[in-house]
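Take a look at this single chain, the form predicted on its own, given in structure tokens.
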Amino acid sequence: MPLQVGIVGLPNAGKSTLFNALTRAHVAVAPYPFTTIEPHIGVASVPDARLDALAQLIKPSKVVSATVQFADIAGLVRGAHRGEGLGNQFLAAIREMDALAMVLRCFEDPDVPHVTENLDPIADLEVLDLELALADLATVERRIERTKSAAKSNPKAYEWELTTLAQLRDHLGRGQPARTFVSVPSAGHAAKAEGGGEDAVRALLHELFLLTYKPRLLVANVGEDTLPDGGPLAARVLDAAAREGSQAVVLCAECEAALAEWPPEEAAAYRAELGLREPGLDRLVQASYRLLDLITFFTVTGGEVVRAWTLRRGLTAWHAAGQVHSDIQRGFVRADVIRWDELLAAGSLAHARETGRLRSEGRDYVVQDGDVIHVHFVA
């Protein structure tokens, strides 16, 4: 299943505008809350100069980029965990995401009302965080009740889980996200208890599908007149990201959506006038890619297709084969591997093979970012 990044924020923060720019889709955008009810799904290509260089060398008939799937999720409001503003429906959609892009409004526009009296991206982030934490708190409390029922027949078997869930409930109740739970002293104590361990704590958090356990990045959506740095409001978002150890991207969603429709040369020239070295969308997609701890490997199929594939960091050639096709994974024999830059230096796969640069690896080989892989298999 494709990995998904949910675009989350308060109403009128620019989520749908950003989604349009990312996917060049045509999703309704309007200056009133809840324009988006059902989440819209779109796919964005991952810009990669290595793929472009390989395509120039191979000159294939088709080039296929790696992708990240984005979901435009309707705006959350205060009280969403209680169902305010269709909150339950929106929170359920967020649970399905692998990561979250938190869009924070950092632009002034009298024609697009903000949901609060004052424009404050950090206050908006606090509202989002609180709603997600309260939704998680309700999830944990329900799990505690179910576990207590199961423990009646065998209390010892559920002692560690109940202890850990109680500590997690207290952690969330203090407004702390689940992603910081393992590092707190109480969780460390629970991890040392019989039947536990840090891996067990992480497994429990993953099993609960907690919203505040998901990796996230902060997106400062600024006005065009404040580019390239975004001004003081964006600076506050960058500071918040640095404090929590997450990533942040500054961009103007409205500007990016407009430039997505321009000829590439004209768009590049205008970005240069604004002081932007690359599209903000490229930085967002690349940040999402890093956020999910993904790497890219490449395949060259008969000189006809050069393709970039997505893989979790630390996975093997056997897993990479499965990304290409389940039949190839099932019949895996070995993989021919060469780094992309070594292939460029060799000039061709044939010459790389002749000079010994193309090496043979088994199914347990850990794929490296930038590998070019050809899998041998039996049908």
Ligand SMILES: Nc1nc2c(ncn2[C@@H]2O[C@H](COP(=O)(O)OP(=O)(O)O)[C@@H](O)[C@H]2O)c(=O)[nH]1
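One rule holds for the numbers: they count along the sequence shown, beginning at 1. The model shown is predicted, which means the values in this text are computed figures rather than measured ones.
Omitted here: the form predicted in complex with the ligand. The next part is about that form.
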{"query": "Heavy atom within 4.5 Å of the ligand in the predicted bound form - residue from Ala308, Val112, Leu162, Val201", "finding": "Val112"}
{"query": "Sole residue of Met102, Leu132, Leu284, Val222 within 4.5 Å of the ligand in the predicted bound form, by heavy atom", "finding": "Val222"}
{"query": "Region of this chain that lies against the ligand in the predicted bound form, out of 145-153, 253-261, 201-209, 163-171 [heavy atom, 4.5 Å]", "finding": "253-261"}
{"query": "Phe107 within 4.5 Å of the ligand in the predicted bound form, heavy atoms", "finding": "yes"}
